[in-house]
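In the block that follows, a single chain appears as structure tokens, in the form predicted alone.
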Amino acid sequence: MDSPLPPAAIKRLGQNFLVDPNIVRKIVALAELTPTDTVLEIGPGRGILTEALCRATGRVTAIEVDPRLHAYLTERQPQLSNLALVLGDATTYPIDHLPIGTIVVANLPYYLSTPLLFRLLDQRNRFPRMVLMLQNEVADRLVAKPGSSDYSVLSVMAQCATDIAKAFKVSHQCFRPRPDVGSAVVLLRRKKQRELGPEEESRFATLVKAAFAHRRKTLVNSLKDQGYEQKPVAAALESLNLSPSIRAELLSVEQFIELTRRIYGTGFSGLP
């Protein structure tokens, strides 16, 4: 019996299928998988990475939103006895049901990469490391340093939670159809110790988002526009020897952490 033809890519779903086995090998090697690991893959597509993951580890959960691709992979599933194939949306799938210690290895759908990253970071207690293929510009934002144009909410939140390395770039030639944007693979390792407690973490996230909400404004004015009282903000900046005219993109992750603690330690009346 002939194998079914793989479904064509759908542009609105951002489908660019990886076809280079050498890149697959590099991704799997970077993940440092063992036969007892559990892996989460988001967007398995036509399954080139999925098959390699199933060979390398004990259990793979692959979430595919496209019913055509899900059906195509289901046809091949009998050969992959350790694969749990899910038809669903990774932005709503209950990833909190996955075992603690699950490793994420995925070629993320580029149009959803940022919301998926935030979702995975929120559940990082579950994921000791993540190997992700992303748009090159998103990879640059993840590793960006203060003062650069790529430095953003994502940079601060990801670097607070994980140690990040941009492992290697991936050529357009490695996909079918070829994407319009460059790609890169990043490795995120969860930090062994959390910098912030649960309540602090919520305040930190709110503050960072508010700080970057108006990039052209000073930090004080951006926070004011998002409902923060100016007095505790100004006092916190002064205690850290930071200029009242400083902008959000110049603060390091550590300075954002300290700023959060000092704002809320000066009688701030609550979240805006």
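Owing to the predicted nature of the structure, the values given are computational and were not obtained by experimental measurement. Counting begins at 1, following the sequence as shown.
In what follows, reference is made to the form predicted together with a small molecule, a form of this protein that is not presented.
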| query | finding |
| --- | --- |
| Contact check for Asn16, Glu41 and Gly88 against the small molecule in the predicted bound form, heavy atom at 4.5 Å | yes |
| Heavy atom within 4.5 Å of the small molecule in the predicted bound form - residue from Leu242, Ile48, Ala29, Ala235 | Ile48 |
| Listed residue (Val208, Val60, Leu69, Leu223) with a non-hydrogen atom within 4.5 angstroms of the small molecule in the predicted bound form | Leu69 |
| Contact label in the predicted bound form: Tyr111 to the small molecule, heavy atom within 4.5 Å | yes |
| Cys54, heavy atom within 4.5 angstroms of the small molecule in the predicted bound form | no |
| Leu33, heavy atom within 4.5 angstroms of the small molecule in the predicted bound form | no |
| Location of the small molecule contact in the predicted bound form, chosen stretch of 195 to 203, 139 to 147, 111 to 119, 158 to 166 [non-hydrogen atom, 4.5 Å] | 111 to 119 |
